[in-house]
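Starting off, we have a lone chain in the form predicted on its own, written out as structure tokens.
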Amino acid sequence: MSITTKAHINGIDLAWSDTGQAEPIIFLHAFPMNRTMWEPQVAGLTHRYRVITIDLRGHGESDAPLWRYTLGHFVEDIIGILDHLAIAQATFVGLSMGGYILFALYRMDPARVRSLVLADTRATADTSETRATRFSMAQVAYRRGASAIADLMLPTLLSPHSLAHRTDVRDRVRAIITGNQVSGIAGDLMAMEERPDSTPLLSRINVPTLVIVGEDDRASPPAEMERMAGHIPASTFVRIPHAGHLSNMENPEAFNAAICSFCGRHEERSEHEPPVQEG
């Protein structure tokens, strides 16, 4: 059973769930979601791993201060939680915005990262068109609230099949989005709009890395994700069938199997080989 924990970190209250034993895996959610998007992973992986899901500032049960957010703020919050839990190093899974945060974490504190799972995300910075879209979305959130953001985001987050036929997934995603505060939505949009291009970082990632993408992802197209994986040394690339941008929710069985296979190979190498450090 997942238990919610809260602590006052970096001047705000942050919430997370901590379930299972053994090696920790930290899950970072997408925009505009919260940690409950990882419920299929909590259910499917806690028999093998310690699964920690975090409500980033502005989401879920964490505080949503009305102020400017940056990826650096998210990283500092995550490091604060890890210190609170006395976790020196972990495997991290980040989907979409969660992936952006992982790039920032790897730049700021790479020693924390044992291995990476980058799901349905991208390394490139926003284009001028995307920045304009984020600005417009923030105005929609301010004027019309989180339900209007759900209307805008659902066609991007889910595959056409899920939109048409998976009412359970569609309703769950809508409920998560509409539970957000406008201050958190606007803060996320500012943080994502200001993020740097992480493409130069890819070749310097020297930890085992799994790149996952839903085969019907329109926000992070599979071809782009595969090119990104090609720049990361010793990376593994997996397409998730019958899934769009929220591949972990649309096909959790395949998503969880990919993580288990990846982590299992890494654990076997750790047992039989000394760690290799690349310059």
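What you see is a predicted model, and the numbers here were worked out from it, not measured in a lab. When you see a residue number, it is the position in the sequence shown, counting from 1.
Below, we turn to the form predicted in complex with a small molecule, even though it does not appear here.
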property: All of W38, L154 and R174 with a heavy atom within 4.5 Å of the small molecule in the predicted bound form; result: no
property: Partner-proximal stretch of 144-152, 72-80, 89-97, 164-172 relative to the small molecule in the predicted bound form, 4.5 angstroms, heavy atom; result: 89-97
property: H245: touches the small molecule in the predicted bound form, heavy atom cutoff 4.5 angstroms; result: yes
property: In the predicted bound form, L85 touching the small molecule (heavy atom, 4.5 Å); result: no
property: The small molecule contact at M192 in the predicted bound form, heavy atom, 4.5 Å; result: yes
property: Close approach of R114 to the small molecule in the predicted bound form, 4.5 Å, heavy atom; result: no
